[in-house]
Ligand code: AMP
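As a starting point, one isolated chain is supplied in structure tokens, in the form predicted alone.
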Amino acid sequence: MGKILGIIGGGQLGMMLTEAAKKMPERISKIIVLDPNDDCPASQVGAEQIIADFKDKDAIIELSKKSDIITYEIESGDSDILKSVEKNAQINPSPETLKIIQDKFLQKSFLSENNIPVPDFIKIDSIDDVREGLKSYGYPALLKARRDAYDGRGNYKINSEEEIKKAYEYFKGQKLLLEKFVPFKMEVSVIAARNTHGQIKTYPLVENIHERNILRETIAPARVTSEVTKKAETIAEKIMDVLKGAGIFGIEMFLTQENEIIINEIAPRVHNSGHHSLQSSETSQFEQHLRAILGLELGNTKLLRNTIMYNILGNLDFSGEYKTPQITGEGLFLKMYGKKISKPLRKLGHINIVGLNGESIDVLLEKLKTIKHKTIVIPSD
């Protein structure tokens, strides 16, 4: 009899984890997600749903009593409550690992203490701390919320002394850190996995292009030298070794002008920049995450074919029901997330453009240009 899998979060990542779990019936017999949104994406593909906030104590306890193993697709769960229910269910990544990662100050402190390169940073307790930090870091610098921030939400780039007060007040009393700006050449990431026995595998380094702080495009593999790729993957393996948590981790990095790697942030879950693996790799990041938390041998992470992932985002000037994009053709794989309402910059789906016949990244980029107009979301009426 397979195990019952509990997932905190039932969005698109939970949806794709559920789909991967459905392909492993001998290992996973049932999937339950905890998500505040009725008819969440994961529930549309067969997951049972507990409708409650990610931090709801009673809901987390209920999930733990109904599950054999718990994981998450969003790092907003309450790590202390999760720690308290480990007697009911196995939890991976562990609550201790989640606690380190979900607070950006603790995360960067942990990495720095383990000699992993991160931007210079300081804890902020007052607006005077911001002013003092800027004397050292100069402009621009980044003021960041320590918790509950993703897709650029929770970051404020301070470009001048005149912006300090506005930036500080923007966060309305949240715990903060100030980070020195890195004039990077490229944003890259490594999807890394560690199973419960300590086996570690990484997917090849990918290149990420953002629009308005939201990932728009991932190029696999990254257009960098083999030396840069090796350096990034070595750092990722070290991070996995010191963190000890089991599962997939999305490790976001900056490539500096001097071709050095600096860690931006870590996500203790499957990651948007790993969606290419659904078609580019023998083992998708979603299957790999399940293999990792179940203690199975990790799958092959070799990139079998060049792939570009392009996110389908809600238009800035439109909210409401929308027409599903119609995109078909050789090497084009459209994945919509079942979200009925479009909102500005909401992630509605993605398309993988795959080099089935050995096409180069340049060829795939040209193909993307020809279909971008089809990804524009328009009202359904």
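Start at 1 and count along the sequence shown; that's the residue number. Computed from a prediction, not measured in an experiment: that's the story for all the values here.
Unshown form predicted together with the named molecule; subsequent notes refer to it.
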Problem - Check all three, Lys201, Asp241 and Ala267, heavy atom within 4.5 Å of the named molecule in the predicted bound form - result: no
Problem - Contacting member of Phe105, Phe184, Phe171, Tyr137, with respect to the named molecule in the predicted bound form [4.5 Å, heavy atom] - result: Phe184
Handout entry: Single option in His210, Lys166, Lys83, Lys175 placed near the named molecule in the predicted bound form, where near means a heavy atom within 4.5 Å
Key = His210
Practice task
Choose from 87-95, 257-265, 242-250, 305-313 the stretch whose residues reach within 4.5 Å of the named molecule in the predicted bound form, heavy atoms counted.
Solution key: 257-265
Practice task
Answer with yes or no whether Leu142 is in contact with the named molecule in the predicted bound form, where contact means some heavy atom within 4.5 Å.
Solution key: yes
Handout entry: the named molecule contact at Lys180 in the predicted bound form, heavy atom, 4.5 Å
Key = yes
Handout entry: Exercise: Gly299 in contact with the named molecule in the predicted bound form, heavy atom 4.5 Å
Key = no
Handout entry: Exercise: Asn155 in contact with the named molecule in the predicted bound form, heavy atom 4.5 Å
Key = yes
Problem - Contacts with the named molecule in the predicted bound form, stretch 116-132 (heavy atom within 4.5 Å) - result: Pro119
